[in-house]
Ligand code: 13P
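Shown below, as structure tokens, is a lone chain in the form predicted on its own; questions about how it binds or moves come after it.
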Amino acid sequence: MQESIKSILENRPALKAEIDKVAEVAGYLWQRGWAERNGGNITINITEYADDEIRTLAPISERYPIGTTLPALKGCYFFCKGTNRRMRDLARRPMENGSVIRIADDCAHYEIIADRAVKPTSELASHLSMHNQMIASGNGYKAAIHTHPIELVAMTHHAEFLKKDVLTRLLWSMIPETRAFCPKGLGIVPYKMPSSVELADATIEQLREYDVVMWEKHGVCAVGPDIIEAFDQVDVLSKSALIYIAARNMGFVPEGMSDAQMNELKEAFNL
């Protein structure tokens, strides 16, 4: 098996535009300090861009197990950040630091088809499980992101914030935009071994109710129609966390918006 001679992006402007969004977001994650070393992962569903030529591409890797069986992913294609690859490098050279994979018909294995045989993220089971859930639910979401926002991760070291919807209520109350642009709030997954199927299963359970999920003492996962939308939700939550922490650093507990004010916002924006 040989790696592709030409890029899969050649003469495919729509597909290239989606990969460019991945590169843009990868740069944001690095700039914000949310992606130390090889930290964080991005996957996007690119099945709609898989033309006849892509579907007949020979694999450039062996067939690898996903670690679980995901029936909604049959015939799907994904672009994935590579394992041990840095976000700052993904931002500059996405096709050298990520790869396109095809899900096998058994829905339990995958193979790399372009551009290089860069093995995907170690969190692939979690990411593909999220995509499986998104397809099965019919919500139209095609992107998943995992990153390590400093202030949000810090907040998971406080047991009170790990109770259901406590952190959601707090972060919503810091600034109106958070309630508007992250309307489902923030789910919580108690600490589980990174890259484990248990972590993937717990994340999926939370995604039935939320679009953003905190992994205790680890990081955030978010899903959305594209990678920009997924990033934006983490961004607004992080801003709220910064406002809360800034107030505490000034020596007071922030009052936050009242329930009445947040309900008014909910009604005004039909959230």
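For clarity, every value in this text was computed on a predicted model and none was experimentally measured. Residue indices: 1-based, along the sequence shown.
Note that the form predicted together with this ligand isn't included here; everything after this is about it.
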State yes or no: in the model of the complex, is some non-hydrogen atom of residue 224 no more than 4.5 angstroms from a non-hydrogen atom of this ligand? no
Is there a non-hydrogen atom of residue 59 within 4.5 angstroms of a non-hydrogen atom of this ligand in the model of the complex? no
I'd like to know whether residue 84 contacts this ligand in the model of the complex, with contact meaning heavy atoms within 4.5 angstroms. yes
With a cut-off of 4.5 Å between heavy atoms, is residue 122 one of the residues that contacts this ligand in the model of the complex? yes
Which single stretch, out of 242-250, 44-52, 31-39, 200-208, brings residue heavy atoms within 4.5 Å of this ligand in the model of the complex? 31-39
Quick one: of 192, 169, 148, 116, which gets a non-hydrogen atom within 4.5 angstroms of this ligand in the model of the complex? 148
